[in-house]
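Just the one chain here, laid out as structure tokens, in the form predicted on its own.
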Amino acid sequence: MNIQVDLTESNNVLEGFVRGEIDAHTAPVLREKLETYQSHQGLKAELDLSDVNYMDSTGLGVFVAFYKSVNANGGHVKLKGLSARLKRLFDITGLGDIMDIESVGKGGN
């Protein structure tokens, strides 16, 4: 189980690329990197998850916490490149209706 998180921030715009698996073992790495930016006022974050091949509820929790913090500080979070399987995780929890998510429509059910 492995995760790689690349984040670049410039002019209050955070671009991120996450690859690998997000689970109870790897989520703390993602959480720690995102926490660096979540309290920036008016942050515009766009996180590409197109190379995430697995995510469990721990990963959902990381993204929800980041989303809430950024929104509370007047910012916006967009998740993009989600496989159909990852998008479904957000949809069945109701988060797909709340968060800005762009899926690519590939992957399993």
Partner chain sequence: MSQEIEFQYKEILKEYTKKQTEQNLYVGQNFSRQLILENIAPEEVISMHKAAIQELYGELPDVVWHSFDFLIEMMINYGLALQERQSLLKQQEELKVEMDLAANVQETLLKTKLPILEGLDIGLLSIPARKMNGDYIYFVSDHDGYAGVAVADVIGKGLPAALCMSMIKFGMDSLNSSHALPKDVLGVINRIVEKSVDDSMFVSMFYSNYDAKQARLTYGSAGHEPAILYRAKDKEFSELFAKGLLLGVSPVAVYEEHTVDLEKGDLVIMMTDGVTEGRNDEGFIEREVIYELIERKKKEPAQTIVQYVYDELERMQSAQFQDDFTLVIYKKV
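The structure displayed is predicted, hence computed values, not measured ones. Positions refer to the first chain, counted from 1.
Note that the form predicted in complex with the partner chain isn't included here; everything after this is about it.
Student: Checking a candidate spot here: are 27, 48 and 87 all in contact with the partner chain in the model of the complex (at least one heavy atom each within 4.5 Å)?
Tutor: None of them does, since no heavy atom lies within 4.5 Å of the partner.
Student: Using heavy atoms and a 4.5 Å limit, would one call residue 95 a contact residue for the partner chain in the model of the complex?
Tutor: Judged by the heavy-atom cut-off of 4.5 Å, residue 95 is in contact with the partner chain in the model of the complex.
Student: Given that the partner chain is not shown alongside this chain, does residue 79 nevertheless sit within 4.5 Å of it in the model of the complex, heavy atom to heavy atom?
Tutor: Residue 79 lies outside the contact set for the partner chain.
Student: Taking heavy atoms only, is residue 53 within 4.5 angstroms of the partner chain in the model of the complex?
Tutor: Close contact exists here: in the model of the complex, residue 53 approaches the partner chain to within 4.5 Å, heavy atoms only.
Student: With a cut-off of 4.5 Å between heavy atoms, is residue 58 one of the residues that contacts the partner chain in the model of the complex?
Tutor: Residue-level check for residue 58: yes, a contact with the partner chain.
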